[in-house]
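Presented as structure tokens, the chain that follows is alone, the form predicted alone.
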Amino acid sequence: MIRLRNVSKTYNKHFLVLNRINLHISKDEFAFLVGPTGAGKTTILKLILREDLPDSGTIYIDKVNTRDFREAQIAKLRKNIGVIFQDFKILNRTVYENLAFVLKIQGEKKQAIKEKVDYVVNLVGLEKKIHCYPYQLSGGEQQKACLGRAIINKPLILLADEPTGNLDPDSSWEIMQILNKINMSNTTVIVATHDKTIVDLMRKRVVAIHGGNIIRDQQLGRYHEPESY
């Protein structure tokens, strides 16, 4: 599904973020990217999304080199990738309107939009909050809305950048359980996180990054404290 081969990335000509890394994420896999701030976790997500290009090396999505993508291919790629962030990037509209927004732009019919939104709000547990605005939602509920919007098109890949960073432990666990459900419905999930407790509880694949290098790649892995890097 996703393959990075000898990928390097430097910012400002001096700061080496990734150093010839090799990484393969299989279809329908769930993987955590862990490591200290500046290790390169978010950079990997941006490269997969084709928001940025590597200085050297190649990135393949479904065996196609993303460097060769034309604009139409990039747009199609992003339609098949859902993204959620730490900082609740939702519109100042109701949950329903946030989820329906992209579908309306794509020209979906009203009934199809309703069916898709109803399915997603039930999946993320916001069926009782569907007509609420962001200020009426808790932090966990806002993140659920972000998650719902990211999966409204049933993407093949879901990228999550610190999705529990601003949440309490109970809300964090709810978000991870939803991500697990999404993964089980044939979506590849990649989560960049500092949340040691969540990683240790989930026991999924853990890819640890430090100093621009992958230092550990472990199935059923644990976080490990930064001091052990």
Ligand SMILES: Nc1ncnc2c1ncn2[C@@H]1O[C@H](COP(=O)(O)OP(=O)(O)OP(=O)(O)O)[C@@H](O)[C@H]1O
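Residue positions are given as counts along the sequence shown, with the first one as 1. Just so we're clear, the structure is a prediction, and the values are computed from it rather than from any experiment.
Just so you know, the form predicted together with the named molecule exists too; it's not on screen, but the next bit is about it.
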Residue stretch of 164-172, 65-73, 183-191, 29-37 approaching the named molecule in the predicted complex, non-hydrogen atom distance within 4.5 Å:
29-37
Verify the contact flag for residue 17: yes if a non-hydrogen atom of it lies within 4.5 Å of a non-hydrogen atom of the named molecule in the predicted complex, no if not.
yes
Using 4.5 Å between non-hydrogen atoms, is residue 94 touching the named molecule in the predicted complex?
no
Is residue 86 one of the residues lying within 4.5 Å of the named molecule in the predicted complex, judged by heavy atom distances?
yes
For residue 42, is any heavy atom within 4.5 Å of the named molecule in the predicted complex, or not?
yes
